[in-house]
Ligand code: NAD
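Okay, here we've got a single chain as structure tokens, the form predicted on its own, with questions on binding and movement later.
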């Protein structure tokens, strides 16, 4: 399946792996890239820019296919040396970067000087337009169905994707709720050039997280997530567990970041993925988990999605069109 993004990114299939904190390590990114998609590692999962350089080298030791690095810029209690992480990406010769979070303007300019292709992930069309003007090459538009930062507008993808496409000059990738061949065909029908999957890639053999987390995703439904931190205007979709319920209660009481911050500690979330205790901390997962019922390899998953999408297009949709033509001819 060839689209604008497969040509721009040098990949075989229009499927991008989401940049996920504590999940998007070299093992997963390389497996996705080897399967014909675009694997992505996350810069801030690494404890330092030097560690990021080493992680990039690890990806290269596992694949000779294109891959990218996610650089998410968010307000934090502890300062993060974003410029140093960006320079580590440039010095390592990475050719594709996914930016997300706050305004990426200063970073995009430096990355573009190094000849890097920029995907910017955002949750609203105004933000997408800003990123386009700043020099982003591709927009990954993230609907309210997504895991993690959902934005503050609550716009689902059936509205968000075609609205973005109608107003942007650059290609769009559909993100949030993307999970299978139906997602891919639907996104293409809405005008997107491909899909970005996060939660679905968490449930693969190569995802470097505990099996109990993968099994929990398979068991959970679309009702087993919640959106926390709305009161702080940092809304995030996470698994509905004991810690998430505690955060929601703190928000109902009107408490602020000083009380809520320690409860949503990233270190606790990391424990979930590493130790498999799904109640150890906050962990992100999307509504797409309702449609996940197995834990395949990345190769098997991507092959299944692409073949399934082709079958939908060439069999089901063609049959519908043929039937319509037959009915018209008999009238």
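Please read these numbers as outputs of a predicted model, since none were measured by experiment. Positions refer to the first chain, counted from 1.
Below: the form predicted in complex with the ligand, not depicted.
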Contact residue in the predicted bound form, from 107, 149, 210, 240 (heavy atom within 4.5 Å of the ligand): 149
Segment assignment from 65 to 73, 286 to 294, 302 to 310, 52 to 60: heavy atom within 4.5 Å of the ligand in the predicted bound form: 65 to 73
The ligand contact in the predicted bound form: residue 276, any heavy atom under 4.5 Å: no
Residue contact check: residue 189 to the ligand in the predicted bound form, 4.5 Å heavy atom: no
Touches the ligand in the predicted bound form: residue 234 (any heavy atom, 4.5 Å): yes
Contact label in the predicted bound form: residue 48 to the ligand, heavy atom within 4.5 Å: no
The ligand in the predicted bound form: contacted by all of 28, 194 and 201, heavy atom 4.5 Å: no
Interface residues of 11 to 49 toward the ligand, as seen in the predicted bound form [heavy atoms, 4.5 Å]: 19, 20, 21, 22, 42, 44
